[in-house]
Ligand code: GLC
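Next comes just one chain, in structure tokens: the form predicted on its own.
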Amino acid sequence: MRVNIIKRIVPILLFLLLSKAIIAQSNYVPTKENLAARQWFDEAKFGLFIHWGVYSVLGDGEWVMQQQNISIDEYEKLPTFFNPIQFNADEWVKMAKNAGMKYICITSRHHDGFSMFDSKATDYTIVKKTPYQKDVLKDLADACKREGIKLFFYYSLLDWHNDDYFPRGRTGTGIRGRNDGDWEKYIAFMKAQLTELLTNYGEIGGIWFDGDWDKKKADWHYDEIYQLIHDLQPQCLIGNNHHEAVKPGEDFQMFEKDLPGRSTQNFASDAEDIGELPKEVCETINGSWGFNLKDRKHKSDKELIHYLIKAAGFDCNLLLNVGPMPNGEIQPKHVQSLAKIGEWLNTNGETIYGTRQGVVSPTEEMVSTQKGKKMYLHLLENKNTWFIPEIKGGVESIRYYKSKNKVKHEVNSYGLLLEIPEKEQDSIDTIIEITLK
């Protein structure tokens, strides 16, 4: 009988404990400042991602510590070579602004555990361990404020350097010199650093977390961490690159190198768990996040513009990455590509900024964006005939966005048929402006 009672009581106790945990995480109610920030984010559409750290010295990407199994002692030599005397925050921010970007997200601390800001929680920082001895995040925050660009901070949850990141996760297992530590001390360390980031750099647009996937079963104390962030800056948006459905307390959903609903990167849940929060997809200009000397996979200007258009057509932002060189300069080819995107947005930005996904379902060939009754059909391939089954009536006018000429078309109970002569076709994106009744 005692065994039967225990069998009945244990599930009840587990249920109560789990219920308490759920309540602790689900009682977040966004403030009006946060809701306004979400709306701004929804309309911004385009941001700059910056992966920059002492790993750039080796020119082999931001995962070089793991990929080459560099020991703690060996890796700690890298900061002595990191002296980015060519870094100019104003130039970076103006480059982003000229590209049509509305916000910047920079790595404050990546998986190597090195902090790119002046932190009192650790000595392992750009100010204390490099000959540069300056806080690049402070310079960037000041430059963003001058140019009206919002600043987000990427923050790695995992750490290959800190002993208190223990027990270990599934990465960094071959790095020598890692010792046992105290997980609760690591949580306290992260809270201290996040407090610094949200206290010393003015108004922050958001915190971009990464690394949850390293220890899926760990207690990350998200309820405490998310509340800390929202208490310090209520408007600050929280996103977490965990490749799952959004968790309570998060303000936007992110997708890594995959448009929402796609699953090309083996992030299975990305194809399924699409929520109602604002969305963002991050992508690289070439094939690397951090500076990679041998990366020859630079995407064409057309590919990059198409990715921006598709992101808007999938109702999400594009966070496009650059990996600055160790001297503080952004690769010239990256700068040129961003300038080309900016030129395109100067002409066609109305069809991207402030829009939502249109009524026409996105495909590889075509996406739609919409503002109220005005829909923009983006034709990404050159064809003379297009059939749009979603539009079966209720059309007031159909014009070419560029020339303003009327489009030859037919609407019937089967859908909308468009005829696009070659003279009206654009090599990058033929935009059709449809005014709905």
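This structure is a prediction, so every number in the text was calculated from the model and none was measured. Throughout, we count residues from 1 along the sequence that is shown.
Keep in mind the form predicted together with this ligand is missing from the figure; the text below concerns it.
Residues placing heavy atoms within 4.5 Å of this ligand in the model of the complex fall in a single listed stretch, namely 45 to 53, out of 27 to 35, 394 to 402, 45 to 53, 381 to 389.
The partner is absent here; in the model of the complex, the one residue of 214, 118, 210, 244 having a heavy atom within 4.5 Å of this ligand is 210. Note on contacts: among 329, 164, 256, 135, the single residue with a heavy atom within 4.5 Å of this ligand in the model of the complex is 256. Mapping the unseen interface onto this chain, residue 110 counts among the residues with a heavy atom inside 4.5 Å of this ligand in the model of the complex. Taking the partner from the other structure, this ligand in the model of the complex has a heavy atom within 4.5 Å of a heavy atom of residue 282. In the model of the complex, none of the heavy atoms of residue 153 sits within 4.5 Å of a heavy atom of this ligand. This ligand in the model of the complex is approached by residue 63, whose closest heavy atom lies within 4.5 angstroms of it.
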